[in-house]
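Okay, so here's just one chain, in structure tokens, the form predicted alone.
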């Protein structure tokens, strides 16, 4: 374990994330035709948002801290990962993906199904990166498998996260795409949110709101309710509407 942490110490832990994306894309390309998604579109809808995430996250951080960047403009291309706005990067990545999908007239649910292997393997890479960097650390514990960090025993929350990500990947690996587009993706979302609700209880870096609620769990409950609604019938209605729209457009 110590050798792993030394090899992938920050910033080398990002290698694990990049490798996970590459492996995920390899398998997604194998399965994309089953969902009716072209390989070129699949590659573009992954890499273009990634570029948007990197550039957008840095630029939005620069705007938020304009005075500091104005004095040192070359820091815009700095390799310092702290000079970055992750939330802003995700927002820009989402906008880029939506624009590309609309311009290419990609069907939402089949595209999300095709992207599911990338997301599942990416989650494993993120968990490994957390372990290598020491982020997403656990709260204090007296359990015998606790790991010592900052002078106290803590839950090995990163190990829990790796196990959960691998279990979800295994479940999806043997699951055949459903009859209705989007079910495969929503199953992944439901499993991931369920895992987050469980894992968050062992985290020592959670954001606490309203006197004791964990923000990540509150958000997870909201998304879990949405995914269950769609799995329970909402997605069927969406599929019917999409089919009807396609028939009208052909006429």
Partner chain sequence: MQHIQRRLSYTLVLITALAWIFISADSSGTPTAGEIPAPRQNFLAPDFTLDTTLGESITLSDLRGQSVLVNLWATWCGPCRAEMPAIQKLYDEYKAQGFTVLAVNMTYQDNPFEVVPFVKEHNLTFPILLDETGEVGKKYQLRSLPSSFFIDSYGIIQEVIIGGPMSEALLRTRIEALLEN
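Heads up, when I say rigid core I mean the largest set of C-alphas that superpose within 1.5 Å between the two forms. Residue numbers count along the first chain shown, from 1. Bear in mind that the values here come from a model prediction, so they are computed numbers and not experimental data.
Keep in mind that the form predicted together with its partner chain is not shown, yet the notes after this line are about it.
- When its partner chain is considered in the predicted bound form, residue 137 lines it closely, a heavy atom lying within 4.5 Å.
- Looking at residue 26, you'd find every heavy atom of it more than 4.5 angstroms from its partner chain in the predicted bound form.
- Interface membership of residue 213, defined by any non-hydrogen atom within 4.5 Å of its partner chain in the predicted bound form, is confirmed.
- Residue 68 belongs to the set of residues with a heavy atom inside 4.5 Å of its partner chain in the predicted bound form.
- Judged against its partner chain in the predicted bound form with a 4.5 angstroms heavy atom cut-off, the residues 36, 170 and 181 are out of contact without exception.
- From the list 112-120, 90-98, 70-78, 161-169, the contact stretch for its partner chain in the predicted bound form under a 4.5 Å heavy atom rule is 70-78.
- With the partner removed from view, the residue among 54, 197, 48, 60 that has a non-hydrogen atom within 4.5 Å of its partner chain in the predicted bound form turns out to be 197.
- Note on the partner interface in the predicted bound form: the residue among 126, 147, 83, 108 having a heavy atom within 4.5 angstroms of its partner chain is 83.
- With the core held fixed, residue 95 shows a CA shift below 2 Å between this form and the one not shown.
- With the core held fixed, residue 170 shows a CA shift below 2 Å between this form and the one not shown.
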